[in-house]
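A lone chain, given as structure tokens: the form predicted on its own.
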Amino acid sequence: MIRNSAILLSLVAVMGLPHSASAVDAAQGGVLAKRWCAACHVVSADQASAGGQAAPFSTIGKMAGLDTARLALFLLLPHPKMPDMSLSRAEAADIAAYIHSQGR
């Protein structure tokens, strides 16, 4: 119950950002992804391989029902297999936009 409440509050926080603050920058997300995610994920077409078994961003970006808001929320919540990157909401939104763009 507490976990569900935390997820709901995080989703409301991400979705409730003012328009000017929520303008996402997929290019900046790519910069962040190359810094934080490329060790485990293939984050771009020009990356030959990654050290981990994590899905490539091109695959994640094509997942049905996984929009940028859900991706951003996923990045903000702690996960056992992912390091705590202490991303801001804007950074999570930027990375989510970049992941989504890689699925096209």
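Being a predicted model, the structure only gives us computed values, none of them experimental. In this text, residue numbers run from 1 along the sequence as written.
Quick note: we don't show the form predicted together with a small molecule, though the next part is all about it.
**Student:** Would you check whether the small molecule, in the predicted complex, lies within 4.5 angstroms of a non-hydrogen atom from each of A54, L75 and L87?
**Tutor:** Yes.
**Student:** I need to confirm a contact call. Of A69, M63, A50, A26, which residue comes within 4.5 Å of the small molecule in the predicted complex, counting heavy atoms only?
**Tutor:** Of the listed residues, the single hit is M63.
**Student:** Quick one: does C37 come within 4.5 Å of the small molecule in the predicted complex, counting heavy atoms only?
**Tutor:** Residue-level check for C37: yes, a contact with the small molecule.
**Student:** Within 4.5 Å, heavy atoms only: does A93 come near the small molecule in the predicted complex?
**Tutor:** Result no; A93 lies far from the small molecule in the predicted complex.
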